[in-house]
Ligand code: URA
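Just one chain follows, in the form predicted on its own, and it is written as structure tokens.
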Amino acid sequence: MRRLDQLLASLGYCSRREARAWIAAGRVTVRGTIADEFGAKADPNDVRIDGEPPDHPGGLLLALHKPTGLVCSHEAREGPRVYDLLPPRWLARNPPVTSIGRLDKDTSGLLLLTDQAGLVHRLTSPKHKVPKIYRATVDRDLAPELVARFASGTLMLDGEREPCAPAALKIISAREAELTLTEGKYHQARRMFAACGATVLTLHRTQFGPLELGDLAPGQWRELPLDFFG
């Protein structure tokens, strides 16, 4: 059960003050009856706003194909944002919709977005070792011995005190590889290749845990059930 003014505000419809005006104007019903008290509590499933059920009252989980050129920051001054691809109402939700981990501006591929803080923590926590798979192209031929080096758990990144966790590297062609990581150090994939003398030219995430990007087009997103990851 939730207060009606809090429900409208938390789902991004309007501010709490505006919600009171909406209710006073008869725009909100509970079980078919026009609500007349903004502080009244109701089951979101019984509520209608302008005749429509509330927008995802239980929370959001989205799979987005992030194009290059977009940032995962909420700060507009940092450039075009992945959040600008979403419906405006979702950007006003509280808790806010945020990314589960980040992809840098020059990296494309699968990005998860949610307003569920617990899910963010669970899927980004190093102790859960959720695998993320990337496809990388680099500026020089990849030596076969890099496979063992990445898997060793001894590869050190500049500025880090602890080595990277073991990572699976699969060399696809002379300058293209698939990399599976189970942690999320800052710009980790790029820095791992850099530590071995190679510069990443393109980086694309194809999978997050059991979820594959598939044929989702750049800039498009699709909804996932909140229990998708168990």
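These numbers were taken from a predicted model, which means no experiment stands behind them. Start at 1 with the first residue shown and count on from there.
Another form exists, predicted together with the named molecule; not displayed. Remarks below refer to it.
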Taking 4.5 angstroms as the heavy atom distance cut-off, pick the stretch from 104 to 112, 155 to 163, 118 to 126, 87 to 95 that is near the named molecule in the predicted bound form. 104 to 112
Even though the named molecule is not shown here, does residue 61 get within 4.5 Å of it in the predicted bound form, heavy atoms only? no
Wondering, does residue 190 line up within 4.5 Å of the named molecule in the predicted bound form on heavy atoms? yes
The named molecule contact at residue 198 in the predicted bound form, heavy atom, 4.5 Å: no
Within 4.5 Å, heavy atoms only: does residue 134 come near the named molecule in the predicted bound form? yes
Which pick from 203, 42, 169, 49 sits with a heavy atom within 4.5 Å of the named molecule in the predicted bound form? 203
